[in-house]
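To begin, one chain is listed below as structure tokens, in the form predicted on its own.
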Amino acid sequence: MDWSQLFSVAQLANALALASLLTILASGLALIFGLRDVMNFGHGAFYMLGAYAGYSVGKLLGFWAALIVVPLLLAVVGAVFELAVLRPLQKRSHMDVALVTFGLALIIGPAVHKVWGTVPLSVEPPPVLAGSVQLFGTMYPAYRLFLIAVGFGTCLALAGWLKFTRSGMYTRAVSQQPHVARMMGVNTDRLSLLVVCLGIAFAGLAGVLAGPYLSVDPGMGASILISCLIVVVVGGLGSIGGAIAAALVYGFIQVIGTVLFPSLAVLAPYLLLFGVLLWRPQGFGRGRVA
């Protein structure tokens, strides 16, 4: 086996690119779970909606405008999702709410297909990121480096918000001790609206970024939702830091596993999930027990 090929700069960068996309998506999912204590099975559908919206906005206004406009549009969708779905059902069981979010995904999918069709769409990166650059002696696509930078830059911004702002500290407090936070006067309804809007906006951002990196197709939401759920559970339910660490591990396992054992690479994430649930059910971070 050529170990230099396995641990080449290109392979490591590919793992980071995949991890960056998963980190953005999983962070939004972990935020919503941490505050609402319910798994949003519609997150993949919102990601797909963001990718298709990014395709249309990019055609009209360009990629850079789509990178700003689409997350804002998805934040509005998140507000509707919070006010029309999550808040009226907040006294129902977690399973009821999870099933409703799954049903919502089944509605969004056909609606997207009705508007944009079922043929995969190709999204070109902006001209400044269309070529390749030299990375430690290896030519590597510039857009993937941009994806890595945006992904981990977003994570740093999110970590800073959670650590240094009042609303971020309230979010951490409600995620860890919701009843105590309410007794201390935290307005959980207002905070939940903010967090759900932010989480769905992250799904929209990930969708726009995924366009030039992957392809925009009808099955993209379901396929990445499974990966995202694995990342969130392995990282620790509700743990943002754990989700980032799990996304990195997931990316390296997928990319390196494809080189080492191509026929078994698809099983590697599930083996990781099995091992974590068996030996460390709280995940990598300080999450709740899955």
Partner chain sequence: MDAVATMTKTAPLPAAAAPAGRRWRAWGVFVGVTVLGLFVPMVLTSGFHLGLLINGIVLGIAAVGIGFLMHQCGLVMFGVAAFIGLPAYLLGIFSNHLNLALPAAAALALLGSTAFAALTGALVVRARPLPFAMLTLALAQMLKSAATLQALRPLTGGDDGLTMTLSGSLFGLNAAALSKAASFWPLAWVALCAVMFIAWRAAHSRFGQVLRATQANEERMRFSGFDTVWPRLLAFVLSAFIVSIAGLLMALHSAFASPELLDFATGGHALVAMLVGGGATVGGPLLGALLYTWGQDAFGATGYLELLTGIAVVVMIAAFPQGAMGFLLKLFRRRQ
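From a predicted model like this one, the values you see are computed outputs, not experimental measurements. Residue numbers count along the first chain shown, from 1.
Just so you know, the form predicted together with the partner chain exists too; it's not on screen, but the next bit is about it.
Visitor: Residue 100: heavy atom within 4.5 Å of the partner chain in the model of the complex?
Guide: Yes, residue 100 lies within 4.5 Å of the partner chain in the model of the complex.
Visitor: Flag residue 160 as yes or no: does it have a non-hydrogen atom within 4.5 angstroms of any non-hydrogen atom of the partner chain in the model of the complex?
Guide: Output for residue 160 is no: heavy atoms all beyond 4.5 Å of the partner chain.
Visitor: Does residue 233 reach the partner chain in the model of the complex, with heavy atoms at most 4.5 Å apart?
Guide: Flag for residue 233 set to yes.
Visitor: Give a yes/no on whether residue 245 approaches the partner chain to within 4.5 Å in the model of the complex, heavy atoms considered.
Guide: No, no contact at 4.5 Å.
Visitor: Can all three of 104, 229 and 273 be found with a heavy atom no more than 4.5 Å from the partner chain in the model of the complex?
Guide: Spot residues vs the partner chain: full contact, yes.
Visitor: Of the options 128, 80, 95, 183, which one has a non-hydrogen atom that comes within 4.5 Å of the partner chain in the model of the complex?
Guide: Of the listed residues, the single hit is 95.
Visitor: Report the stretch among 85-93, 68-76, 185-193, 152-160 that approaches the partner chain in the model of the complex to within 4.5 Å, counting heavy atoms only.
Guide: Going through the listed ranges, the match is 85-93.
Visitor: Scan 22-42 and note down the residues that get a heavy atom within 4.5 Å of the partner chain in the model of the complex; none is a fine answer too.
Guide: The stretch 22-42, when checked against the partner chain in the model of the complex, contributes 33, 39, 41 at the 4.5 Å heavy-atom cut-off.
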